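Just the one chain here, laid out as C-alpha coordinates, in the form predicted on its own.
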(Lines give C-alpha, C1' and ligand atoms only; values in the text may rest on other atoms or scores of the structure.)
Protein backbone atom coordinates (compact mmCIF):
# COMPACT_ATOMS: atom_id res chain seq x y z
CA UNK A 1 0.00 0.00 0.00
CA UNK A 2 1.35 3.41 -0.99
CA UNK A 3 1.64 6.09 1.68
CA UNK A 4 1.41 9.81 1.01
CA UNK A 5 4.72 11.51 1.87
CA UNK A 6 4.60 13.79 4.86
CA UNK A 7 4.80 17.58 4.31
CA UNK A 8 8.22 17.52 6.01
CA UNK A 9 9.56 15.06 3.41
CA UNK A 10 8.16 17.21 0.57
CA UNK A 11 9.90 20.31 1.87
CA UNK A 12 13.15 18.40 2.39
CA UNK A 13 13.05 17.10 -1.18
CA UNK A 14 12.22 20.58 -2.51
CA UNK A 15 15.13 22.09 -0.56
CA UNK A 16 17.59 19.50 -1.91
CA UNK A 17 16.31 20.13 -5.47
CA UNK A 18 16.74 23.89 -5.15
CA UNK A 19 20.27 23.56 -3.72
CA UNK A 20 21.22 21.22 -6.57
CA UNK A 21 19.70 23.59 -9.17
CA UNK A 22 21.49 26.63 -7.77
CA UNK A 23 24.79 24.76 -7.65
CA UNK A 24 24.29 23.65 -11.26
CA UNK A 25 23.53 27.22 -12.31
CA UNK A 26 26.63 28.45 -10.50
CA UNK A 27 28.79 25.80 -12.12
CA UNK A 28 27.52 26.70 -15.60
CA UNK A 29 28.38 30.33 -14.89
CA UNK A 30 31.98 29.56 -14.01
CA UNK A 31 34.72 28.74 -16.49
CA UNK A 32 37.51 26.24 -16.10
CA UNK A 33 39.80 28.92 -14.71
CA UNK A 34 37.32 29.81 -12.00
CA UNK A 35 36.20 33.16 -13.44
CA UNK A 36 32.45 33.72 -13.50
CA UNK A 37 30.77 34.45 -16.81
CA UNK A 38 29.84 38.05 -16.00
CA UNK A 39 33.41 38.91 -15.03
CA UNK A 40 34.74 37.28 -18.19
CA UNK A 41 32.33 39.23 -20.35
CA UNK A 42 32.96 42.56 -18.66
CA UNK A 43 36.71 42.05 -19.02
CA UNK A 44 36.27 41.15 -22.68
CA UNK A 45 34.07 44.19 -23.38
CA UNK A 46 36.50 46.46 -21.57
CA UNK A 47 39.49 45.18 -23.52
CA UNK A 48 37.49 45.58 -26.73
CA UNK A 49 36.71 49.22 -25.96
CA UNK A 50 32.96 48.68 -25.76
CA UNK A 51 31.14 51.16 -23.51
CA UNK A 52 27.64 52.56 -23.22
CA UNK A 53 26.50 54.74 -26.09
CA UNK A 54 26.75 58.50 -25.61
CA UNK A 55 23.72 60.43 -26.92
CA UNK A 56 24.09 63.61 -28.91
CA UNK A 57 22.54 66.81 -27.63
CA UNK A 58 18.74 66.85 -27.60
CA UNK A 59 17.05 68.55 -30.52
CA UNK A 60 14.06 70.85 -30.10
CA UNK A 61 10.62 69.30 -30.45
CA UNK A 62 9.80 71.74 -33.25
CA UNK A 63 12.86 70.73 -35.27
CA UNK A 64 12.15 67.02 -34.81
CA UNK A 65 8.53 67.47 -35.87
CA UNK A 66 9.56 69.40 -38.96
CA UNK A 67 11.95 66.58 -39.80
CA UNK A 68 9.17 64.03 -39.35
CA UNK A 69 7.00 65.78 -41.93
CA UNK A 70 9.89 66.16 -44.39
CA UNK A 71 10.91 62.51 -43.94
CA UNK A 72 7.45 61.30 -44.94
CA UNK A 73 6.67 63.90 -47.62
CA UNK A 74 6.91 62.73 -51.27
CA UNK A 75 7.44 66.40 -52.20
CA UNK A 76 11.16 65.69 -51.80
CA UNK A 77 11.13 63.32 -54.77
CA UNK A 78 11.26 64.38 -58.39
CA UNK A 79 7.97 62.73 -59.37
CA UNK A 80 6.33 63.40 -56.01
CA UNK A 81 5.79 59.66 -55.57
CA UNK A 82 8.54 58.60 -53.12
CA UNK A 83 9.55 59.81 -49.67
CA UNK A 84 12.48 58.98 -47.40
CA UNK A 85 10.07 56.73 -45.52
CA UNK A 86 9.38 54.63 -48.61
CA UNK A 87 12.69 52.83 -48.07
CA UNK A 88 13.08 53.59 -44.35
CA UNK A 89 9.63 53.01 -42.92
CA UNK A 90 9.04 52.73 -39.16
CA UNK A 91 6.61 49.87 -39.63
CA UNK A 92 9.38 48.05 -41.50
CA UNK A 93 12.01 48.65 -38.81
CA UNK A 94 13.36 51.81 -40.53
CA UNK A 95 14.14 49.89 -43.73
CA UNK A 96 11.87 48.32 -46.39
CA UNK A 97 12.09 44.50 -45.90
CA UNK A 98 13.36 44.12 -49.49
CA UNK A 99 16.66 42.70 -50.68
CA UNK A 100 17.07 45.67 -53.04
CA UNK A 101 14.96 48.79 -52.68
CA UNK A 102 12.39 50.01 -55.18
CA UNK A 103 12.48 53.75 -55.59
CA UNK A 104 10.98 56.07 -58.23
CA UNK A 105 8.00 54.61 -60.07
CA UNK A 106 7.28 51.88 -57.56
CA UNK A 107 3.91 51.18 -56.01
CA UNK A 108 3.13 49.89 -52.53
CA UNK A 109 5.21 49.37 -49.42
CA UNK A 110 7.59 46.70 -48.17
CA UNK A 111 7.38 43.23 -49.64
CA UNK A 112 4.19 44.26 -51.48
CA UNK A 113 5.96 47.04 -53.34
CA UNK A 114 6.04 46.57 -57.10
CA UNK A 115 8.75 48.04 -59.32
CA UNK A 116 8.17 49.85 -62.58
CA UNK A 117 9.46 47.29 -65.13
CA UNK A 118 10.89 50.12 -67.23
CA UNK A 119 13.14 51.35 -64.44
CA UNK A 120 16.31 50.07 -62.81
CA UNK A 121 16.01 48.62 -59.34
CA UNK A 122 18.03 50.37 -56.63
CA UNK A 123 21.32 48.47 -56.52
CA UNK A 124 21.65 48.17 -52.74
CA UNK A 125 19.76 47.16 -49.64
CA UNK A 126 18.16 49.96 -47.60
CA UNK A 127 20.24 50.58 -44.49
CA UNK A 128 18.38 50.72 -41.18
CA UNK A 129 18.46 54.00 -39.20
CA UNK A 130 18.70 52.88 -35.59
CA UNK A 131 20.86 54.67 -33.02
CA UNK A 132 22.15 57.43 -35.28
CA UNK A 133 21.62 59.89 -32.44
CA UNK A 134 24.82 58.94 -30.60
CA UNK A 135 28.43 59.97 -30.77
CA UNK A 136 30.95 58.19 -32.94
CA UNK A 137 29.52 58.11 -36.46
CA UNK A 138 32.00 59.25 -39.10
CA UNK A 139 30.99 57.37 -42.27
CA UNK A 140 27.70 56.87 -44.13
CA UNK A 141 26.36 54.63 -46.93
CA UNK A 142 27.42 51.13 -47.95
CA UNK A 143 30.47 52.49 -49.77
CA UNK A 144 31.49 55.20 -47.27
CA UNK A 145 31.10 57.85 -49.92
CA UNK A 146 30.42 60.27 -47.10
CA UNK A 147 33.18 60.28 -44.52
CA UNK A 148 34.75 62.53 -41.94
CA UNK A 149 38.50 62.27 -42.44
CA UNK A 150 41.61 64.01 -41.12
CA UNK A 151 41.45 66.20 -44.22
CA UNK A 152 37.81 67.13 -43.71
CA UNK A 153 34.42 65.93 -44.86
CA UNK A 154 34.44 63.90 -48.09
CA UNK A 155 31.25 63.71 -50.18
CA UNK A 156 30.34 63.26 -53.86
CA UNK A 157 29.33 66.94 -53.94
CA UNK A 158 32.81 68.27 -53.25
CA UNK A 159 32.82 72.07 -53.05
CA UNK A 160 29.06 72.19 -53.74
CA UNK A 161 28.28 70.89 -50.25
CA UNK A 162 26.39 73.61 -48.34
CA UNK A 163 27.69 75.01 -45.07
CA UNK A 164 26.03 74.73 -41.69
CA UNK A 165 25.19 71.04 -41.61
CA UNK A 166 24.73 69.83 -38.03
CA UNK A 167 26.46 66.48 -38.39
CA UNK A 168 27.31 63.66 -40.77
CA UNK A 169 23.75 62.33 -40.55
CA UNK A 170 22.45 65.63 -41.93
CA UNK A 171 25.05 65.38 -44.69
CA UNK A 172 23.78 61.92 -45.57
CA UNK A 173 20.21 63.22 -45.81
CA UNK A 174 21.19 65.40 -48.77
CA UNK A 175 22.04 62.59 -51.17
CA UNK A 176 19.10 60.16 -51.64
CA UNK A 177 17.16 63.05 -53.19
CA UNK A 178 19.89 63.37 -55.83
CA UNK A 179 19.78 59.68 -56.86
CA UNK A 180 17.77 59.07 -60.03
CA UNK A 181 16.76 55.53 -59.07
CA UNK A 182 15.95 56.34 -55.46
CA UNK A 183 14.10 59.67 -55.47
CA UNK A 184 14.97 62.11 -58.30
CA UNK A 185 13.77 60.36 -61.44
CA UNK A 186 14.81 60.38 -65.09
CA UNK A 187 14.96 63.11 -67.71
CA UNK A 188 11.53 63.39 -69.32
CA UNK A 189 9.67 62.10 -66.26
CA UNK A 190 6.38 63.66 -65.28
CA UNK A 191 5.16 63.79 -61.71
CA UNK A 192 1.95 62.26 -60.37
CA UNK A 193 0.01 65.29 -61.63
CA UNK A 194 1.42 65.02 -65.15
CA UNK A 195 3.71 68.00 -64.70
CA UNK A 196 7.39 67.96 -65.79
CA UNK A 197 9.89 66.77 -63.19
CA UNK A 198 12.24 69.76 -62.99
CA UNK A 199 14.66 67.99 -60.64
CA UNK A 200 15.48 65.35 -63.27
CA UNK A 201 16.83 67.87 -65.77
CA UNK A 202 20.02 68.51 -63.82
CA UNK A 203 23.06 66.38 -64.57
CA UNK A 204 24.12 63.89 -61.93
CA UNK A 205 26.91 66.18 -60.70
CA UNK A 206 24.83 69.37 -60.41
CA UNK A 207 24.15 68.86 -56.72
CA UNK A 208 23.74 72.55 -55.95
CA UNK A 209 21.10 72.97 -58.64
CA UNK A 210 19.15 69.93 -57.46
CA UNK A 211 19.15 71.15 -53.86
CA UNK A 212 18.14 74.67 -54.85
CA UNK A 213 15.22 73.42 -56.93
CA UNK A 214 14.14 71.13 -54.13
CA UNK A 215 14.33 73.97 -51.60
CA UNK A 216 12.11 76.11 -53.82
CA UNK A 217 9.51 73.36 -53.77
CA UNK A 218 9.53 73.14 -49.99
CA UNK A 219 9.62 76.84 -49.22
CA UNK A 220 6.87 77.63 -51.72
CA UNK A 221 4.58 75.28 -49.80
CA UNK A 222 2.74 77.60 -47.41
CA UNK A 223 2.03 74.96 -44.79
CA UNK A 224 5.76 74.43 -44.24
CA UNK A 225 6.63 78.04 -43.41
CA UNK A 226 5.30 78.12 -39.80
CA UNK A 227 7.01 74.77 -39.16
CA UNK A 228 10.37 76.17 -40.26
CA UNK A 229 9.76 79.32 -38.22
CA UNK A 230 9.16 77.19 -35.10
CA UNK A 231 12.17 74.96 -35.79
CA UNK A 232 14.52 77.87 -36.56
CA UNK A 233 13.18 80.80 -34.53
CA UNK A 234 14.45 84.22 -35.51
CA UNK A 235 15.66 83.12 -38.94
CA UNK A 236 14.19 85.15 -41.79
CA UNK A 237 12.52 83.01 -44.49
CA UNK A 238 14.86 84.28 -47.22
CA UNK A 239 17.79 82.67 -45.41
CA UNK A 240 16.29 79.19 -45.31
CA UNK A 241 17.94 76.65 -47.60
CA UNK A 242 18.62 72.95 -48.13
CA UNK A 243 20.81 72.87 -45.01
CA UNK A 244 17.80 73.53 -42.79
CA UNK A 245 15.87 70.77 -44.53
CA UNK A 246 18.69 68.25 -44.04
CA UNK A 247 19.31 69.25 -40.42
CA UNK A 248 15.64 68.77 -39.56
CA UNK A 249 15.50 65.33 -41.21
CA UNK A 250 18.62 64.28 -39.30
CA UNK A 251 17.14 65.60 -36.04
CA UNK A 252 14.07 63.45 -36.56
CA UNK A 253 16.03 60.30 -37.44
CA UNK A 254 18.41 60.71 -34.51
CA UNK A 255 15.72 61.53 -31.94
CA UNK A 256 13.05 59.08 -33.04
CA UNK A 257 15.01 55.85 -33.42
CA UNK A 258 17.83 55.99 -30.90
CA UNK A 259 17.25 53.50 -28.08
CA UNK A 260 19.25 52.38 -25.05
CA UNK A 261 17.07 49.59 -23.68
CA UNK A 262 18.29 46.46 -25.46
CA UNK A 263 19.49 43.71 -23.08
CA UNK A 264 23.04 44.41 -24.30
CA UNK A 265 22.75 48.13 -23.59
CA UNK A 266 21.30 47.43 -20.15
CA UNK A 267 24.20 45.05 -19.51
CA UNK A 268 26.65 47.79 -20.51
CA UNK A 269 24.87 50.07 -18.04
CA UNK A 270 25.66 47.60 -15.24
CA UNK A 271 22.74 45.18 -15.14
CA UNK A 272 24.22 41.66 -15.05
CA UNK A 273 20.76 40.06 -15.27
CA UNK A 274 19.74 41.86 -18.49
CA UNK A 275 21.20 39.24 -20.83
CA UNK A 276 20.52 35.52 -20.79
CA UNK A 277 23.33 33.05 -20.16
CA UNK A 278 23.21 31.94 -23.82
CA UNK A 279 23.50 35.55 -24.94
CA UNK A 280 26.52 36.06 -22.67
CA UNK A 281 28.18 32.95 -24.05
CA UNK A 282 27.45 34.25 -27.53
CA UNK A 283 28.97 37.61 -26.63
CA UNK A 284 32.15 35.89 -25.45
CA UNK A 285 32.35 34.12 -28.81
CA UNK A 286 31.54 37.34 -30.68
CA UNK A 287 34.32 39.26 -28.91
CA UNK A 288 36.62 36.26 -28.79
CA UNK A 289 37.23 33.15 -30.85
CA UNK A 290 34.54 33.77 -33.47
CA UNK A 291 36.31 36.98 -34.49
CA UNK A 292 33.11 38.96 -35.21
CA UNK A 293 34.32 42.04 -33.35
CA UNK A 294 37.31 42.42 -35.66
CA UNK A 295 34.92 44.38 -37.87
CA UNK A 296 31.79 44.76 -35.74
CA UNK A 297 33.83 46.63 -33.20
CA UNK A 298 33.44 49.38 -30.63
CA UNK A 299 30.29 50.67 -29.05
CA UNK A 300 28.54 51.07 -32.41
CA UNK A 301 29.27 47.43 -33.34
CA UNK A 302 30.90 48.55 -36.58
CA UNK A 303 34.39 49.69 -37.48
CA UNK A 304 32.74 51.86 -40.17
CA UNK A 305 35.31 50.56 -42.64
CA UNK A 306 34.77 48.66 -45.90
CA UNK A 307 35.59 45.00 -46.50
CA UNK A 308 35.11 42.38 -49.19
CA UNK A 309 33.66 39.36 -47.42
CA UNK A 310 32.73 37.40 -50.54
CA UNK A 311 28.99 37.97 -50.66
CA UNK A 312 27.25 36.55 -53.74
CA UNK A 313 26.82 39.33 -56.36
CA UNK A 314 23.26 40.03 -57.43
CA UNK A 315 21.06 42.81 -58.72
CA UNK A 316 21.45 45.38 -61.48
CA UNK A 317 24.89 46.57 -60.48
CA UNK A 318 25.66 50.26 -60.16
CA UNK A 319 26.89 53.00 -62.51
CA UNK A 320 26.32 50.83 -65.56
CA UNK A 321 28.30 47.83 -64.31
CA UNK A 322 26.54 44.43 -64.35
CA UNK A 323 28.12 43.76 -60.94
CA UNK A 324 28.08 46.08 -57.96
CA UNK A 325 31.80 46.62 -57.49
CA UNK A 326 31.43 48.43 -54.17
CA UNK A 327 34.12 50.89 -53.16
CA UNK A 328 36.08 50.19 -56.34
CA UNK A 329 33.53 52.34 -58.18
CA UNK A 330 34.87 55.29 -56.18
CA UNK A 331 38.54 54.41 -55.75
CA UNK A 332 39.24 52.46 -58.96
CA UNK A 333 41.49 50.23 -56.82
CA UNK A 334 41.35 46.46 -57.33
CA UNK A 335 41.80 45.97 -53.59
CA UNK A 336 38.41 47.67 -53.09
CA UNK A 337 36.51 45.28 -55.36
CA UNK A 338 33.16 44.37 -53.79
CA UNK A 339 34.15 46.03 -50.52
CA UNK A 340 31.23 47.35 -48.50
CA UNK A 341 30.87 49.04 -45.14
CA UNK A 342 30.48 46.96 -41.98
CA UNK A 343 26.85 47.41 -40.88
CA UNK A 344 26.00 48.19 -37.25
CA UNK A 345 24.12 45.44 -35.43
CA UNK A 346 21.66 46.93 -32.97
CA UNK A 347 18.19 45.57 -33.75
CA UNK A 348 19.77 43.38 -36.42
CA UNK A 349 17.23 40.62 -35.81
CA UNK A 350 14.53 42.98 -37.10
CA UNK A 351 16.18 44.35 -40.21
CA UNK A 352 16.48 41.52 -42.73
CA UNK A 353 17.15 40.61 -45.43
CA UNK A 354 20.82 41.16 -44.71
CA UNK A 355 24.05 42.18 -46.48
CA UNK A 356 24.60 45.09 -48.87
CA UNK A 357 22.36 43.40 -51.44
CA UNK A 358 19.94 41.55 -49.18
CA UNK A 359 21.35 38.19 -50.24
CA UNK A 360 20.40 36.34 -47.03
CA UNK A 361 17.03 35.98 -45.36
CA UNK A 362 18.25 34.44 -42.07
CA UNK A 363 20.97 35.50 -39.67
CA UNK A 364 22.07 31.88 -39.40
CA UNK A 365 22.91 31.97 -43.13
CA UNK A 366 24.80 35.23 -42.59
CA UNK A 367 26.95 33.65 -39.88
CA UNK A 368 27.71 30.57 -41.98
CA UNK A 369 28.64 32.81 -44.90
CA UNK A 370 31.26 34.52 -42.75
CA UNK A 371 32.63 31.14 -41.68
CA UNK A 372 33.00 29.76 -45.21
CA UNK A 373 32.55 32.41 -47.95
CA UNK A 374 33.70 30.05 -50.71
CA UNK A 375 31.09 27.42 -49.88
CA UNK A 376 28.46 30.13 -49.47
CA UNK A 377 29.16 31.31 -53.01
CA UNK A 378 29.10 27.84 -54.55
CA UNK A 379 26.02 26.65 -52.66
CA UNK A 380 23.95 29.86 -52.73
CA UNK A 381 20.26 29.03 -53.08
CA UNK A 382 18.63 31.53 -55.44
CA UNK A 383 15.21 30.20 -54.46
CA UNK A 384 15.49 32.13 -51.19
CA UNK A 385 15.37 35.41 -53.13
CA UNK A 386 12.22 37.07 -54.40
CA UNK A 387 11.48 35.76 -57.93
CA UNK A 388 12.24 39.04 -59.70
CA UNK A 389 15.84 38.98 -58.42
CA UNK A 390 16.65 35.30 -58.88
CA UNK A 391 17.86 35.75 -62.46
CA UNK A 392 20.18 38.60 -61.39
CA UNK A 393 22.42 36.36 -59.24
CA UNK A 394 25.93 36.17 -60.72
CA UNK A 395 27.06 32.55 -60.24
CA UNK A 396 30.20 32.63 -62.35
CA UNK A 397 33.40 30.79 -61.38
CA UNK A 398 35.67 33.41 -62.95
CA UNK A 399 33.88 36.18 -61.08
CA UNK A 400 34.18 34.19 -57.86
CA UNK A 401 37.93 33.78 -58.42
CA UNK A 402 38.29 37.53 -58.94
CA UNK A 403 36.19 38.22 -55.89
CA UNK A 404 38.51 36.12 -53.74
CA UNK A 405 41.62 38.04 -54.80
CA UNK A 406 40.58 40.87 -52.49
CA UNK A 407 38.79 38.85 -49.80
CA UNK A 408 39.35 40.25 -46.32
CA UNK A 409 42.01 38.05 -44.66
CA UNK A 410 40.24 38.27 -41.31
CA UNK A 411 37.66 35.80 -42.56
CA UNK A 412 40.35 33.16 -42.79
CA UNK A 413 40.95 33.40 -39.05
CA UNK A 414 37.37 32.57 -38.07
CA UNK A 415 37.22 29.43 -35.96
CA UNK A 416 35.23 26.33 -36.82
CA UNK A 417 32.04 26.53 -34.80
CA UNK A 418 29.46 24.00 -33.73
CA UNK A 419 25.71 24.34 -34.08
CA UNK A 420 25.65 25.14 -30.38
CA UNK A 421 28.10 28.00 -30.92
CA UNK A 422 25.88 29.36 -33.69
CA UNK A 423 22.91 29.26 -31.32
CA UNK A 424 24.91 31.22 -28.74
CA UNK A 425 25.83 33.85 -31.34
CA UNK A 426 22.19 34.13 -32.41
CA UNK A 427 21.18 34.58 -28.78
CA UNK A 428 23.66 37.44 -28.47
CA UNK A 429 22.37 39.08 -31.66
CA UNK A 430 18.86 38.80 -30.24
CA UNK A 431 20.10 40.58 -27.10
CA UNK A 432 20.88 43.59 -29.32
CA UNK A 433 17.16 44.06 -29.96
CA UNK A 434 15.56 47.01 -28.21
CA UNK A 435 11.98 46.53 -26.94
CA UNK A 436 11.34 50.12 -28.02
CA UNK A 437 12.08 49.15 -31.63
CA UNK A 438 9.31 46.56 -31.77
CA UNK A 439 6.50 49.04 -32.40
CA UNK A 440 7.35 52.24 -34.26
CA UNK A 441 3.97 53.05 -35.79
CA UNK A 442 3.73 56.29 -33.79
CA UNK A 443 6.64 57.67 -35.83
CA UNK A 444 4.30 58.18 -38.77
CA UNK A 445 2.41 61.50 -39.09
CA UNK A 446 -1.25 61.51 -40.05
CA UNK A 447 -0.61 63.84 -42.99
CA UNK A 448 2.19 65.91 -44.52
CA UNK A 449 2.17 69.67 -45.26
CA UNK A 450 2.22 69.20 -49.04
CA UNK A 451 -1.05 67.29 -48.85
CA UNK A 452 0.45 64.46 -50.92
CA UNK A 453 -0.47 60.87 -50.19
CA UNK A 454 2.29 58.75 -48.70
CA UNK A 455 2.89 55.11 -47.69
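Being a predicted model, the structure only gives us computed values, none of them experimental. Positions refer to the first chain, counted from 1.
Omitted from view is the form predicted in complex with heme C (HEC), to which the following refers.
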item: Heme C (HEC) contact at residue 102 in the model of the complex, heavy atom, 4.5 Å; value: yes
item: 4.5 Å heavy atom contact, residue 342 and heme C (HEC) in the model of the complex; value: yes
item: In the model of the complex, residue 316 touching heme C (HEC) (heavy atom, 4.5 Å); value: no
item: Residue 260, heavy atom within 4.5 angstroms of heme C (HEC) in the model of the complex; value: no
item: Triple contact flag 66, 207 and 242 to heme C (HEC) in the model of the complex, non-hydrogen atom at 4.5 angstroms; value: no
item: Listed residue (325, 350, 300, 363) with a non-hydrogen atom within 4.5 angstroms of heme C (HEC) in the model of the complex; value: 363
item: Of 423, 396, 386, 408, the one that lies within 4.5 Å of heme C (HEC) in the model of the complex (heavy atoms); value: 408
item: Residue stretch of 290-298, 374-382, 159-167, 186-194 approaching heme C (HEC) in the model of the complex, non-hydrogen atom distance within 4.5 Å; value: 290-298
item: Interface residues of 170-186 toward heme C (HEC), as seen in the model of the complex [heavy atoms, 4.5 Å]; value: 172, 173, 176, 177, 182, 183
